[in-house]
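A lone chain, given as structure tokens: the form predicted alone.
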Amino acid sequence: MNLSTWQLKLSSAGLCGALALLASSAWAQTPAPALSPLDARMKQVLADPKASAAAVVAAKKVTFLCEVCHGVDGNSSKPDVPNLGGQNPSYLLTQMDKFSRGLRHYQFMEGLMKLLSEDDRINATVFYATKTVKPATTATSAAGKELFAMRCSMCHGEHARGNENTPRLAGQQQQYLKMSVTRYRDRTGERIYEPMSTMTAQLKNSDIDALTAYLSSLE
């Protein structure tokens, strides 16, 4: 990044924003962790069309439990419940594991994930990876787009689709995004990830409104 670009960032974000950008760039460049055995198994299934098709069919004995909240095709009908359709499979599988081990907190999900076998989790992950997310809203925000480019795009990608270690935010339910970002900012304990808490620390409620409006409108 050249000097003139940094000057622009400094003038628009202030010293705190610039420091957050520096920190986020460092986190974004951190090598991805080695595949867990469960993730490696899931990737083998995804790489095999026949195995993937079988996993999608087998997943139905689990995903029927998810439909009421997350929707039949992974597009939630509830604004405070996330879409799972089109979510990055490695990220989704990791979140299931975190719920099962008490590293992410929500009583219902913690209990449910502990009931699922490893095969159940892999099958459900493959099922949702094959679905297409639909933008949750049509209204967007220019201010939110600017905030995303400045604070979030280096980790979540230019189009907010993330990668195997970072969640897809594009098209996500706005109320769910607002709740998640606020929890990171306020360090309430439900969501625990220091880079996110640092990056959201300076956001006002109006910033969060704009940012999530932009993200929920993306495809």
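For every residue, the number given is its place in the sequence shown, counted from 1. These numbers were taken from a predicted model, which means no experiment stands behind them.
As for the form predicted in complex with heme C, it is not shown, yet the points below apply to it.
S.K.: Can you check whether Pro167 is within 4.5 Å of heme C in the predicted bound form, heavy atom basis?
M.R.: Yes, Pro167 is a contact residue.
S.K.: Using a 4.5 angstroms cut-off on non-hydrogen atoms, would Arg183 count as touching heme C in the predicted bound form?
M.R.: Looking in the predicted bound form, residue contacts with heme C include Arg183, since a heavy atom lies within 4.5 Å.
S.K.: Does heme C get within 4.5 angstroms of any non-hydrogen atom of Lys134 in the predicted bound form?
M.R.: Lys134: no contact with heme C in the predicted bound form.
S.K.: Can you tell me whether Ala54 touches heme C? I mean in the predicted bound form, with a 4.5 angstroms heavy atom cut-off.
M.R.: Contact check for Ala54: no, nothing within 4.5 Å of heme C in the predicted bound form.
S.K.: So heme C isn't shown here. In the predicted bound form, which residue out of Leu38, Cys69, Leu46, Ala58 has a non-hydrogen atom within 4.5 Å of it?
M.R.: That would be Cys69.
S.K.: So which residues in 155-180, when you check heme C in the predicted bound form, have a heavy atom no farther than 4.5 Å from it?
M.R.: Going through 155-180 in order - heavy atoms within 4.5 Å of heme C in the predicted bound form - the hits are Cys155, His156, Asn165, Thr166, Pro167, Leu169, Gln172, Tyr176, Leu177, Met179, Ser180.
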